[in-house]
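Okay, so here's just one chain, in structure tokens, the form predicted alone.
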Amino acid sequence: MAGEDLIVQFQQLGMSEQKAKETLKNANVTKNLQLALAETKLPLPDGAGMLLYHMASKLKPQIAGQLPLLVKYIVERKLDNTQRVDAALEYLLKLGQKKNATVDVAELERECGVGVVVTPEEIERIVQQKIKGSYKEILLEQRYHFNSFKIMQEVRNELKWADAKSLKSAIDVEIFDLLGPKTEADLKPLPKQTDKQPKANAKTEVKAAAATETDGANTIAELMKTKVHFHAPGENYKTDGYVVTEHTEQLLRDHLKATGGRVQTRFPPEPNGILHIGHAKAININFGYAAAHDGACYLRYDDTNPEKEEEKFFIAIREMVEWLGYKPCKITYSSDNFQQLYDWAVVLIKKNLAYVCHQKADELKGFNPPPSPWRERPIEESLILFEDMRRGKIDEGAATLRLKLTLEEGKVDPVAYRIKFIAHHRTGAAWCIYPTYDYTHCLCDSIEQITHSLCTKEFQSRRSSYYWLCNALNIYCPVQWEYGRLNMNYALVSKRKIAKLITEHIVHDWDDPRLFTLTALRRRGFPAEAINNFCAQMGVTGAQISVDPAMLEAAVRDVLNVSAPRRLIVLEPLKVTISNYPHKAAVELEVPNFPQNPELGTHKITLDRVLYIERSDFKEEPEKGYRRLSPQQSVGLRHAGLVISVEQVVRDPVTGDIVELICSSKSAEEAEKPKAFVQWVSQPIQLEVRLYEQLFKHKNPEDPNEVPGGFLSDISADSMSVLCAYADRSLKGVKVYDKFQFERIGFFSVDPDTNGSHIVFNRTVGLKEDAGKK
């Protein structure tokens, strides 16, 4: 049917022309409405058209076969409001957990309140009880500013099938009888609540608004409670694509008994590398969703490939999860289940759902490998060969166990077990066959009674094998939900390629601050809170997201701006001697840690005749618009109460470079207000300061079209520089990972290379561009 004809038909259902056009853009709702219209004739009874639309927009694929029944009940006015339609959909979904279940019409009508009439007298009686009872005091206090929807909800609990319009009208009448006509005060809006939080900057406000308008949120807790809508525990059958068998109802009942209805998730990394920024999103989604629903999240090491696993990776993974602020309810290992996984593999062979194959790994590559000539070998033969594989009687690479199924992507008979004569870090030499991820993760999810198996979008093509395996073994089947990966531009996250950067001495290790591993971000000084907030802003959608580092840095800046105390430091010192120094000796000044919030504490700095300013804060021949120190222009010293002017420029007699400025000073009260104030230090301590820039020149260093020479050819020569800086003495006792804002420069963090005699700082992020401070 043409689009114009459908728009006309949708309008006949009661939609406006605009609503009809918008509906046409939704292929699924349009399809359901077309099927509904095919089951009936226009015109429809008053209100039935929009109830058909309501049904079509909420109909799940697993109960699509019940559409004719729903249409019949709506047209016959048995389902005469949205409450009854929703109840019918809920009943049919619940029925769907039983394989080939038939609809009990009497039960359906009872669940939907068909024929139940709630009289106006009943509505009036219950409304009066509520308003003259539990709500009278608060109504007299708040009058017409009170939200009467709360009363409606309570009445609805007692009179489920009451007509919404009649109910609203009855509440309005009873409130009017209690309060009388609205006064002038009732018509005035309530005053806005004062915000006791620190005033946000404009950028933060814009970002908060953007997060509200999109799929993201400002925090993980907010995201999980307001933007993420997964199934309730035990209601797996309500999710699209979930496969129901004759055992599903009992298995879900047993599952709920085992979990107590608690949400249970898991974060299952492979311990063969360091976690990166993409993993931070996975950690936040799995742990965050569980936390938001008072559930539990396991940290499960998917340790099924002993060839690449190292103890340092196990330790680093746990450290990073805890650093982000999450505590696993339990730490588990896939290897804990090796015996059970093996036993289930034997069951699959006995059911003729798996077989031992001798095709080589090279033969199985790609999407169209040749069919296995061993696919139909006798069950007993596969059982004997699988036992031989386990006992080490077959060479590595000479046999695999394969499952008899085809994945969505077209891949046929994925491998479940392969031979590896490598000792396992936990089981030693007990096994020489190891299960694959495709075989392992769904079965371990089932063992751990996971309610929500949350994974990235590339596993969507494995969803069929996930459900197939659990159902083939008649065990509890969790629901797999997929979300889009998070990729960072100008970065690498491939473990193999990062290892190459390390071996080529381009970066120092997995925690080199130029990388986007979590250990690197921590070393650079990124707060865990900022990373979590950044992940929340990205949302939980199916779309793969690629963002520039600037977005992550903005989240970091937002956190550090209110948490990092300020300090004075000069990266490239230029000596200044004050000829008319106003004090007899060095003086201590008390300086606020946060100039905008002095109540958050202070620290002491020293002012002396000799001090140091930033070399870039002086120009002999300034350009137009220059605001800092020059022979013709004075400048203020931050926190010192002094304004200095140049009297003499001292040069190195050999090189001609400027080595010192002789300056006079005036008190800030006496002097003309300078155009700028600069940072300075006296009696300083030395720091090593490491400044980092992007490691790669191009946005996609792995893309051969963008970087034909490969990622190693795309390295920026200026990705790191090291300076010997001067700082005030209050930084003498810093600890590793302490964070500060160096005024007018940026945010910095203490590096782990720091020791008692040598302090090292990493630049975390720069300050926002502000021409007035330059």
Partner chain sequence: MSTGLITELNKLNSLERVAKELHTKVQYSTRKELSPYVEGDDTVVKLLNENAKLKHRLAIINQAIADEKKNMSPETDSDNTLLIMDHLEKIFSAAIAEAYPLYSKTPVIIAAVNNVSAKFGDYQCNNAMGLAKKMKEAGISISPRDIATEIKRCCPASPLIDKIEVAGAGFVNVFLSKQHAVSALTTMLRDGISPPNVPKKRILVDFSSPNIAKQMHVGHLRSTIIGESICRLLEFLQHDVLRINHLGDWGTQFGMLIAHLEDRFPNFINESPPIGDLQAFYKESKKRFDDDEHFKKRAYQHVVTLQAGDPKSIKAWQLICDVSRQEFQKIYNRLDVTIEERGESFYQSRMLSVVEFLRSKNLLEHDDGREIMWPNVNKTGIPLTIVKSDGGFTYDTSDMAAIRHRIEEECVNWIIYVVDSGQSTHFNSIFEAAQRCGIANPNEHRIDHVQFGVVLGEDGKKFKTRSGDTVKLSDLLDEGMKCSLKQLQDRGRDQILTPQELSDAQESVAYGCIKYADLCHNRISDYVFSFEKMLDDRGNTAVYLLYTYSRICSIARSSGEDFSNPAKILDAFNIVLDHEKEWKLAKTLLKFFDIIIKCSSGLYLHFLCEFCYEVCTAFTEFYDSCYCIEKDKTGKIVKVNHSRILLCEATAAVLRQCFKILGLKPVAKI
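Owing to the predicted nature of the structure, the values given are computational and were not obtained by experimental measurement. Positions refer to the first chain, counted from 1.
There is another form of the same protein, the form predicted together with its partner chain; it is not shown, and what comes next is about it.
- L712 falls outside the set of residues with a heavy atom inside 4.5 Å of its partner chain in the predicted bound form.
- The closest non-hydrogen atom of R390 lies within 4.5 Å of its partner chain in the predicted bound form.
- Shown alone here, W431 lies within 4.5 Å of its partner chain in the predicted bound form, counting heavy atoms only.
- In the predicted bound form, none of the heavy atoms of A48 sits within 4.5 Å of a heavy atom of its partner chain.
- With the partner left out here, its partner chain still marks one of 431-439, 242-250, 663-671, 487-495 in the predicted bound form; by a 4.5 Å heavy atom cut-off that stretch is 431-439.
- This chain is displayed alone, yet in the predicted bound form one of E408, D395, E76, D172 has a heavy atom within 4.5 Å of its partner chain; that residue is D395.
- Distance criterion of 4.5 Å from any heavy atom to its partner chain in the predicted bound form singles out H508 from the list K308, K312, H508, K457.
- In sequence order, K420, F421, I422, A423, G428, A429, A430 are the residues of 414-430 having a heavy atom within 4.5 Å of its partner chain in the predicted bound form; the partner itself is omitted from this view.
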